[in-house]
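Just the one chain here, the form predicted alone, laid out as structure tokens.
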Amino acid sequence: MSDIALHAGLVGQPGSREQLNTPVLVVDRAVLEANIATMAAFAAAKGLKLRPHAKTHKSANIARLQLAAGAVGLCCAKIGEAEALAAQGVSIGLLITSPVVSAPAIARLVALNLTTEGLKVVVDHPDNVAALGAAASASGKPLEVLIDLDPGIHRTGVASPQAAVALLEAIRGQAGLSYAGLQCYCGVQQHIEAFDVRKTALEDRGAYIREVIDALTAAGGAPAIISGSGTGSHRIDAELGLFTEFQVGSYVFMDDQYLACDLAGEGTNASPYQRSLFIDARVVSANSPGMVTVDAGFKAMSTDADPPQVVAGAPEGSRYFFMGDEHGALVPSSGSPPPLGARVTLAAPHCDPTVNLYDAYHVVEGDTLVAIWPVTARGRSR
């Protein structure tokens, strides 16, 4: 039975969070909406557009909140995410931030272009430009493309100003394509914890991005859209003045990796965004002195970050340890562990892959379940 069917009858009942089957993905609605409003206000004050990254939440419901707050569209990591959002009516201003290369994927892309408004995709190779141009021409509707710039990690993107200009010329040679601008996402720099160190690193990358922009401009291809930035860099990027729009994503949830960063240069305790995403678990065994076992293990959360913090339901300072696929250990630093059956709330580690493990968000106000939102694009990794 799906989470939606399992818990639908609890929506609106006071205290219904306590009745949820665990492990369960929980969103604090007030904090989520405050995070969205804070980022929207910041962007508006700086004269910047937001095209938030949906790979974080994969949710049509959250995408609609972001659009209502002024976002011009959504970024999607893969075409499957874009298809899933479009199928739920989120179909304006989608930008696919990874190259779409295979013939089956290109066929899906041009089909999606016919049913959406303002769809865009990045390109980084002339062969891909030729394939996209041919498919778009055959479909009868031009496709907008952005040149993807490698910030230095050699994942995707053109690797030099000269390569960017050469790709611009290739795009110009395709009647089915429309050159829309430039993308550069400096992912490595996002999680540098010290503000000054992160600022220096971003200034270095900013100088390189500026060099590429200047080369494109000199070739007659001044980018109308310069898309990039992220939750960890947006405060600094706003002052550098390179980007026209931000691809911020994790600010809606804020996991431990971002909360460890001094985002605004005011200390880690002064983050403008707060944690809104949690995993509720339950004590299922309490037979060993000084510890208990909860029903959330490797299958309940991302494991590419540190183990989750225990934020409620256990003595302050309690620590979580993975105990296998289905279980975790809870060890209090002082006092007694929670009793059998007690609900324990864990902070979601790395939010993007944690979300992808669940069918739905359980949206709460206090301890009351107020909505259940599907994870619209769960599993859409292609």
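Values in this document were obtained by computation on a predicted structure and should not be read as measured data. In case it trips you up, residue 1 is the first one in the sequence shown, and so on.
Omitted here: the form predicted in complex with a small molecule. The next part is about that form.
Residue in contact with the small molecule in the model of the complex (any heavy atom within 4.5 Å), chosen from 293, 113, 276, 231: 231. In terms of contact with the small molecule in the model of the complex, the residue from 172, 299, 141, 155 that brings a heavy atom within 4.5 Å is 155.
Residues within 4.5 angstroms of the small molecule in the model of the complex, judged by any non-hydrogen atom, belong to 248-256 and to none of the other stretches in 248-256, 123-131, 214-222, 99-107. At the 4.5 Å threshold, heavy atoms of residue 58 stay clear of the small molecule in the model of the complex, well away from it.
The small molecule is not shown here, and in the model of the complex it never comes within 4.5 Å of any heavy atom of residue 243. Contact check for residue 190: a non-hydrogen atom falls within 4.5 Å of the small molecule in the model of the complex.
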